[in-house]
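Take a look at this single chain, the form predicted alone, given in structure tokens.
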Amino acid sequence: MVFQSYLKNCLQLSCILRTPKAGFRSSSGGLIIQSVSNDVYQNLAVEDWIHDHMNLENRQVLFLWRNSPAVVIGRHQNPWQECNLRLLRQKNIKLARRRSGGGTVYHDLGNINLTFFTTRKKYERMENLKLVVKALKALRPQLDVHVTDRYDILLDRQYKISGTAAKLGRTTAYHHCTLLCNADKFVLSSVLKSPYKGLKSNATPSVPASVKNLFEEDPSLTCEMLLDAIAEEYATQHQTDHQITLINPADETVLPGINKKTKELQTWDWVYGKTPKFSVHTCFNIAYKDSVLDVKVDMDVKHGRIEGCNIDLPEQWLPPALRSELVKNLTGSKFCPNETTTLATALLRVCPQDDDLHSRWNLLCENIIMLM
């Protein structure tokens, strides 16, 4: 454990802030930082802060972090295509969009995250992954782990235990990877399975893989042991002290402007609004009394908002004027169950007082919301 004042000095004196007034000198070597937070938005904000503010010419940084349950999608991905958003809402699992590319991952406290910061010139993800493998083998020589050409780490030649993504800036870069230690695989497989049909998107798709926890191979391992082994190997390779500096991602005195970065990562406009343009073309059936109704829905979604919409259903089931009003209100609104519920409820208030009509309206809107 280290005192916060030591951390502040470490960051300010050892890592040159990119400002004209910064005149501190940093010694060569590496700095190992570990977050005391398990909040995915705070930890992703630390990555942004280090990338934007630290001078990495003479010192590289390893950032260690773990999150409470969360799904993290890549910068250019579509969350509706990648995960079960309804299940995330039911289980109160956070959804985050990171700045780097790559595929979707599930995080919980049984998963370790590692971020390697360097200058762009010194960026080398293969070397980072080899470092992780070397640390694992030093801890447990019997483990069969190796790095693939896709920059994954496999266990027993077939099970993925680590995935990789990266952000390359103009002068700085970072490479981050996961390490499955004891993650809840049932939740992982459930939330990373999209139930949404009829999506057409040019967003980057994830590549499915069979996964396994390291603890399944060796139950005597702990996350703390793995973090310490990786930190030790990193320190050895970078000729620095094997000391992990704890960092509080909410501390503005150490990380000026960090809370603004955290809030931005939580916004709907970032998490959903940055989704590449996509369309929904689907059909569903509504069973009502003694009949079954076929409904066809077509939507174009841009920046997370419905740009164009058409709902095709029999006139006798819903008055054309009411259907047109629903389409009109959906167009321009967020592709979001909460917003759609609000507008559907508001429109229901101006419907004729007809219980049968209200029931049909509610069934239609419920099914449309299920698409979101």
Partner chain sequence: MAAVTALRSGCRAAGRLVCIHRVRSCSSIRFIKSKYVCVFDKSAFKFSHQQRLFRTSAVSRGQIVQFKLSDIGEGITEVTVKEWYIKEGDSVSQFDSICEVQSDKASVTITSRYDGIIRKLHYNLDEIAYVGKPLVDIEIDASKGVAPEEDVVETPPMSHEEHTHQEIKGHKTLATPAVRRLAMENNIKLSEVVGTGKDNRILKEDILNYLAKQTGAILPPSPKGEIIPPLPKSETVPAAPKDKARKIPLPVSRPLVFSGKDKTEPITGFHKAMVKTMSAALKIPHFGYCDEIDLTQLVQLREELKPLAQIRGVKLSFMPFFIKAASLGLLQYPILNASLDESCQNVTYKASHNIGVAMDTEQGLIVPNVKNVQVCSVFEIASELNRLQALGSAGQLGTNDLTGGTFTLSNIGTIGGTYTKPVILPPEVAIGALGKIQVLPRFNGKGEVFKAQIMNVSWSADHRIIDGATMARFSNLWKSYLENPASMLLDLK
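Residue numbers count along the first chain shown, from 1. Please read all numbers here as calculations on a predicted model, not as lab measurements.
There is another form of this protein, the form predicted together with its partner chain, and it is not shown here; the text below is about that form.
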Each of 34, 134 and 200 having a non-hydrogen atom within 4.5 Å of its partner chain in the model of the complex: is that the case here? no
Single option in 238, 94, 274, 146 placed near its partner chain in the model of the complex, where near means a heavy atom within 4.5 Å: 274
Between 217, 251, 108, 152, only one gets a heavy atom within 4.5 angstroms of its partner chain in the model of the complex; which residue is that? 152
Based on heavy atom distances of 4.5 Å or less, which listed stretch (110 to 118, 218 to 226, 167 to 175, 284 to 292) is in contact with its partner chain in the model of the complex? 167 to 175
Just to confirm, residue 156 within 4.5 Å of its partner chain in the model of the complex by heavy atoms? no
Spell out, yes or no, whether the shortest heavy atom distance between residue 278 and its partner chain in the model of the complex is within 4.5 Å. no
Answer for residue 345 alone: is it within 4.5 Å of its partner chain in the model of the complex, judged on heavy atom distances? yes
Contact between residue 124 and its partner chain in the model of the complex at 4.5 Å, heavy atoms? yes
Who in 325 to 341 is close to its partner chain in the model of the complex, meaning a heavy atom within 4.5 Å? 325, 328, 329, 331, 332, 333, 338, 339, 341
